[in-house]
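We begin with a single chain expressed as structure tokens, specifically the form predicted on its own.
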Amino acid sequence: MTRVAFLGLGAIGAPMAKHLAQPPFELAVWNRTAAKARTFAFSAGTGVRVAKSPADAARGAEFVVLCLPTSQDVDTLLDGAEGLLAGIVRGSMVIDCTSGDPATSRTISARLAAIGVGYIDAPVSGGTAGAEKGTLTVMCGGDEALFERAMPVMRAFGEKIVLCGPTGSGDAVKAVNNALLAVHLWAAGEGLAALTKAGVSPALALDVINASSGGSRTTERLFPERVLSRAFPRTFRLALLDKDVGIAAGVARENKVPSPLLQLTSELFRAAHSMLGEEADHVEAVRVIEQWAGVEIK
């Protein structure tokens, strides 16, 4: 049995962890809201241990999987009497599935390496549906030997698992991926708002666009299923997309790449996040476009 600790049982983390709650894995879980960890353990069946702290979860674990909102959240778990560093075992490794920022991941990796613990950043994409099915895309950054060592754990919840480069590379690819989602979402919202005001049915417009060169997953799925229906289900928080686009814009600036579109998209999603609050879904950013345009896309 491979002993695994999983910290962070949110919308993506909980279904990921369920794949590790069965042989050949022996699972311990921890969540900042303890009730979530207890509920998870009850639903996952016997054999899941609910840890009292990050240190308690990591004790004896060969792998520690993290799935938290931000790299700063990971950083705050490291220190203190019951922090991760107090319990983690020399020779173990951390698989950080947080959609984090490259610089912080490199700092965390160095701190762990100093005490003999391996680290890879391994953010995931595929949403709650992919997490439930175990078909997530996992974008990794780090040493190749550590990547191969972590592969049996990552295969439990991932389908396409790629080593993108050195530490921080997985975070960078994930941030740019989500920035492209944001660009598609905002551009489609503006275009469809304009067409609606011009008297064109947005459903008809999407039918044409999706059979033409302007189509994307955003126009094929998100707009028909969530915007035109006015359903706006909450599957991925706008606050997290705002964070990811900001990371992507930062990566471009740090590498001195002219990136006016990424920078503007970061500003737009920061504004949408501020207007709609912490709990809004990412697709609800379209509501801001509708408000500014004085039209509903439906």
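The first residue of the sequence shown is number 1, and the count goes up from there. Nothing here was measured: the structure is a model prediction, and the numbers come from that model.
Omitted from view is the form predicted in complex with another copy of the chain, to which the following refers.
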Which of 55-63, 257-265, 27-35, 225-233 lies within 4.5 Å of another copy of the chain in the predicted bound form, heavy atoms considered? The stretch 257-265
Is there any non-hydrogen atom of Val173 lying within 4.5 Å of another copy of the chain in the predicted bound form? yes
Non-hydrogen atom contact Ser109 with another copy of the chain in the predicted bound form at 4.5 angstroms: no
State yes or no: in the predicted bound form, is some non-hydrogen atom of Thr137 no more than 4.5 angstroms from a non-hydrogen atom of another copy of the chain? yes
Partner proximity in the predicted bound form: Ala188 to another copy of the chain, non-hydrogen atom cutoff 4.5 Å: yes
Residue among Leu78, Met151, Val200, Val89 with a heavy atom within 4.5 Å of another copy of the chain in the predicted bound form: Val200
Please state whether every one of the three residues His184, Arg217 and Glu220 places a non-hydrogen atom within 4.5 angstroms of another copy of the chain in the predicted bound form. yes
What residues, if any, in 231-251 have a non-hydrogen atom within 4.5 angstroms of another copy of the chain in the predicted bound form? Val251
